[in-house]
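One chain comes next, on its own, written out as structure tokens in the form predicted on its own.
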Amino acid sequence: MQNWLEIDSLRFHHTYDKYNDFHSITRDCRARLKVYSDLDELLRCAFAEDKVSLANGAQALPHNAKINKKDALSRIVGDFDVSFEIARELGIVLAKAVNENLGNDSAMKEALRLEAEKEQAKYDGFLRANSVELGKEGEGLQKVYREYRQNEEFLEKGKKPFIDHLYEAYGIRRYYAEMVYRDFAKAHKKCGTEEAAAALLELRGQRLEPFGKKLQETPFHGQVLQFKKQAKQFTDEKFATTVLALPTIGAIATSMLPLIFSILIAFTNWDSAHTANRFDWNFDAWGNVFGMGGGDFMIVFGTLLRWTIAWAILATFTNYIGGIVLALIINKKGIHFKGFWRTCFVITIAIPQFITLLVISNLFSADGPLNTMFANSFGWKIPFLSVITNGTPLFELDSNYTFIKFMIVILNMWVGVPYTMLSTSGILMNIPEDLYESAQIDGANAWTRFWKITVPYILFVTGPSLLTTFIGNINNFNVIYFLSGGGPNASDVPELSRFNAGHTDILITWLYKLTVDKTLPERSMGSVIGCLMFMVCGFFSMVMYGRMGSVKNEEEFQ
């Protein structure tokens, strides 16, 4: 009993005092009373005769001249060391007292004395209105536990009558009365006899003595904040919470809820047709994915997983290396019109990515403009992104469709290299020239300077970005889907064809097909794939990020 009351006392202070005006009002009242305690010095502030004004060489004002409240404000702040808001209030009072009693110092002082009395009365009234005799309340808490039999009849009437009785008979507020009610109800329920319940509660009451002393140390509390004022705070001092709540809600709605829903589906046999009795909890989907069901699903999963990893590595490092090489060329001394060349490559960023990819897909398709031109001019077509079924192909594709995959990687560089080029250009321009000059004096050639100075700087800054790009390419839906749609069609591979997977599909595009294709009752297995991708990406990110030099040696890198 002692523990929850002591902890609750601290929580009470935090919850109530933090969000109401009690402390701020008492602090400001004490500050004003401190100024009113020296009326002579306050009057000297009115006529620039205070010690701060004299120290600054300010010219004193005659006592029959009107004063400006703004000038008085600045002198009060400097002389009494109070906040601007309090000084402004006192400046108004001081200007009124002086300007209404020009040339009569005693009348001015009397007017200020009356204001001081009003302030003292305001402060005393506020304390009376908010004071709580917590020491007596602590004694009442102990007493109510000792008098279990007298209070049992109210306990049997219900919670509200019991709480009302505690407030009227013992002065215990509702906040603590609810906790007492829970203790009484538990004792009444668990103890077999009235004597056992009374003994248990009396023992708990004896442990409240330290708590009563603790309450006497803090005799005042602020009042509970009203709901209207709580709501208003979210447009004022707690506006940051309001702003941050919007993206948090958005992240939960768009990321967390679909993830949770996907995890739940992974442990059922739920399908697109909502077949009866297909909502049972089981591990069938996981068994099919890992080959325990004896199906072809694991073969398809393994095939696409290998291509997904290969694609992520190739797409990441071709863009990364290509961007670095391009930035080095543009930033090389002797290259003119650097801004123009950067702008040419940034144009690919200005155009939405999916538009670029769709245009390229149509341009390089089997019946696209490029292949049509080849067919009209030379009588053959090149299988850039799909199998040539209408016309004579220049060459036959291998069984793994390596050429089409190679073309996807190359075309991906068109939309990815500019990002690396821009970030790397900023790094290159900020590498200190004296490092290169010192290395050159020591005899290092251009290749050595590149590997020992340029590469460490670039890797240090772009390491986290490189990791993010790799994880993003594992889930790079746009490039694969808009360029090839996951094709060519895998009719030549029965396992892939059965589960509607193409030769260039990666796991994320295949997952999409499993989800939207209503002819395949494999949504649960698609959710399993999503869960596996999430776990792999999350684990890889945490492990690799902690090993990066930009994290481990942030302060040591020079």
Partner chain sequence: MANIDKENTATLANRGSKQKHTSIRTARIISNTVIYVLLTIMVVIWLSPIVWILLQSFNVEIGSAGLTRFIPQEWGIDNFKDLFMNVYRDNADGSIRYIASNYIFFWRMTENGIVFGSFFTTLFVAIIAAIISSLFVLMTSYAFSRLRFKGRQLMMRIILLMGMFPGFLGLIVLYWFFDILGLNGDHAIWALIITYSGGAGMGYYIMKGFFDTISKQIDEAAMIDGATRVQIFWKITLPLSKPIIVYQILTSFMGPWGEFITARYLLGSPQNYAGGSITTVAVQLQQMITSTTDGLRGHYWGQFFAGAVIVAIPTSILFIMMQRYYVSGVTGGAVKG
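Fair warning: this is a prediction, and the values are worked out from it, not measured in the lab. In this text, rigid core is short for the largest set of C-alphas that superpose within 1.5 Å between two forms. Residue numbers count along the first chain shown, from 1.
Unshown form predicted together with its partner chain; subsequent notes refer to it.
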- Message: Residue-level question: is Asn500 within 4.5 Å of its partner chain in the predicted complex, judged on heavy atoms?
- Response: no
- Partner contact for Lys159 in the predicted complex: its partner chain, 4.5 angstroms, heavy atom: no
- Message: Within 4.5 Å, heavy atoms only: does Arg149 come near its partner chain in the predicted complex?
- Response: no
- Query: Is Ile360 close to its partner chain in the predicted complex, meaning a heavy atom pair under 4.5 Å apart or at it?
  - Reply: yes
- Query: Out of the stretches listed (86-94, 445-453, 420-428, 150-158), which one is close to its partner chain in the predicted complex, meaning heavy atoms within 4.5 Å?
  - Reply: 420-428
- Pick from Ala121, Ala231, Leu257, Leu114: which has a non-hydrogen atom within 4.5 Å of its partner chain in the predicted complex? Leu257
- Query: Which one, Tyr167, Trp286, Phe354, Phe403, lies within 4.5 Å of its partner chain in the predicted complex by heavy atoms?
  - Reply: Phe354
- Task: Quick one: name the residues from 343-375 with any non-hydrogen atom within 4.5 angstroms of its partner chain in the predicted complex.
- Result: Thr343, Cys344, Phe345, Val346, Ile347, Thr348, Ile349, Ala350, Ile351, Pro352, Phe354, Ile355, Leu358, Val359, Ile360, Asn362, Leu363, Asp367, Gly368, Pro369, Leu370, Thr372, Met373
- Message: Once both forms sit on the same rigid core, is the C-alpha displacement of Lys238 at or above 2 Å between the shown form and the other one?
- Response: yes
- Task: Taking the rigid core as the superposition reference, indicate whether the CA of Gly379 shifts 2 angstroms or more between the shown form and the other one.
- Result: no
- After fitting the rigid core, is the C-alpha of Arg449 off by 2 Å or more between the shown form and the other one? yes
